[in-house]
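Okay, so here's just one chain, in structure tokens, the form predicted on its own.
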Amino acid sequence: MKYAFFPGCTIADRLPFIEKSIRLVCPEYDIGLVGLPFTCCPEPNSVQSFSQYTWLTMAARNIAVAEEHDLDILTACAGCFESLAMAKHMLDTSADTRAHVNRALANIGREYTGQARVVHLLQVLHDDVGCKGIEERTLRQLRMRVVTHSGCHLLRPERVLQVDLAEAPAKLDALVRALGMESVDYMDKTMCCGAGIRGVNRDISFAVLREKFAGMSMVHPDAAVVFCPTCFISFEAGQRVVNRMFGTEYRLPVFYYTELLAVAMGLEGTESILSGHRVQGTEETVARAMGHGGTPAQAPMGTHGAREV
């Protein structure tokens, strides 16, 4: 499998350790990552709110770049996936919209044809590699109790994106179990992390995040596992803000799935990946999950030995 790799601005600029984990694991499953001159997806909320035509044209330009190389696009960011997939849907279902956008692309010598697919890494690992394929390549089981969060942009609108069930997502849970971890259901599992409204109303955004953590804390997880870089930042860095605003003491390690996959596969370089995390105690949590220094504590969030974020 060879794809035009679209890591997205957030991962490339703010979370390089996540990109490293992806680039470590993908070759192990014969997933080729080809770098192309992409721009921002563009960001699915802000750009579209100013001009849907600009948003469509920028997205179409990115897809056209992949089409020129006869490649499908593999995204690692849920927001990038939704932006490109939704734009593709609109362009493929409206001849007028497509013609309008292509007139703009003609100015830079490009054309959107609709030939390239847009997929997310979650789909490739779950649907193509498969949980059995994942499990067969691991060298160690990670004994950890986790909560998962797929992210809104991967799930809705379900009829268009077709990644997982919007109200009962299960694919990330299955991938987690393939690494030996226990995935625990919790209240408000499909609730937003709050990041989407942070630029509009900061207080409400972090109140939403607090409610999300409250639901997670009821099941006493050792960590949270996500497949969205924005959700990763919201959960990991947002804990400190929530604690300051509401007097809570959340200290929950957060992982993008491929980080834990790289650890379970025993790949070299995972130390530098984990060292990029902001929740102190993250590396110790992984060590305990591997059987080094005892088993995870399975105590309420904030009491796993991690210090302040």
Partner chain sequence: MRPVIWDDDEERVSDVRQAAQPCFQCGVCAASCPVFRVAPEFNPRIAVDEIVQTGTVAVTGREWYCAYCLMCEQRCPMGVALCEILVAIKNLSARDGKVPPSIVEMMDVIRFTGKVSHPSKGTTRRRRELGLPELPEVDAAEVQKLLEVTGAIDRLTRYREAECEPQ
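This one's a predicted model, so the numbers in the text were calculated from it and none came from an experiment. Positions refer to the first chain, counted from 1.
Keep in mind that the form predicted together with the partner chain is missing from the display, and what follows is about it.
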Which of 111-119, 136-144, 160-168, 231-239 lies within 4.5 Å of the partner chain in the predicted complex, heavy atoms considered? The stretch 160-168
Counting only heavy atoms and a 4.5 Å cut-off, does the partner chain in the predicted complex sit next to every one of 19, 35 and 208? yes
Hey, in the predicted complex, does residue 40 get a heavy atom within 4.5 angstroms of the partner chain? yes
Verify the contact flag for residue 177: yes if a non-hydrogen atom of it lies within 4.5 Å of a non-hydrogen atom of the partner chain in the predicted complex, no if not. no
Can any non-hydrogen atom of residue 199 be found within 4.5 angstroms of the partner chain in the predicted complex? yes
Wondering, does residue 47 line up within 4.5 Å of the partner chain in the predicted complex on heavy atoms? yes
So the partner chain isn't shown here. In the predicted complex, which residue out of 188, 92, 185, 128 has a non-hydrogen atom within 4.5 Å of it? 188
Of the residues spanning 44-76, the ones with some heavy atom within 4.5 Å of the partner chain in the predicted complex are 44, 45, 46, 47, 48, 49, 50, 51, 52, 53, 54, 56, 57, 58, 61
